[in-house]
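Okay, so here's just one chain, in structure tokens, the form predicted on its own.
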């Protein structure tokens, strides 16, 4: 696997991890009612959105440069 391919896989896994952590924070917030978990969920979802945006940008750039087929 090339470094570019690994980068795409890594960004995908990291995005899924951020989404999972955000969902977990929401579930804990419902049970405990602590506002810190809600803040954590918001930051996790924002990070996931940023990672998704970056991943799409990187993939399109590699396609445009014809480095990924």
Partner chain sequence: MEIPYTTTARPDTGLWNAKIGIWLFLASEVMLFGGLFSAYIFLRLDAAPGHWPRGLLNVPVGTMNTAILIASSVTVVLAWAALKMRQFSKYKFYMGITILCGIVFLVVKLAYEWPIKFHHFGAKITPAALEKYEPYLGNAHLREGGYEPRVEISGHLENPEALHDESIREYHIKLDAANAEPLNPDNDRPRFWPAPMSDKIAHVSKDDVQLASMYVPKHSTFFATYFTITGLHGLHVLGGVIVFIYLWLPVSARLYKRNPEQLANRVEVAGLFWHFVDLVWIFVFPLFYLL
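Being a predicted model, the structure only gives us computed values, none of them experimental. Residue numbers count along the first chain shown, from 1.
Beyond what is shown, the protein has a form predicted together with the partner chain; the following relates to that form.
Q: Within a 4.5 Å heavy atom cut-off, is residue 45 in contact with the partner chain in the model of the complex?
A: Contact check for residue 45: no, nothing within 4.5 Å of the partner chain in the model of the complex.
Q: Indicate whether the partner chain has at least one heavy atom within 4.5 Å of a heavy atom of residue 28 in the model of the complex.
A: Judged by the heavy-atom cut-off of 4.5 Å, residue 28 is in contact with the partner chain in the model of the complex.
Q: Is residue 59 close enough to touch the partner chain in the model of the complex, meaning at least one heavy atom pair within 4.5 Å?
A: Contact check for residue 59: no, nothing within 4.5 Å of the partner chain in the model of the complex.
Q: Closest heavy atom of residue 17 to the partner chain in the model of the complex, within 4.5 Å or not?
A: Judged by the heavy-atom cut-off of 4.5 Å, residue 17 is in contact with the partner chain in the model of the complex.
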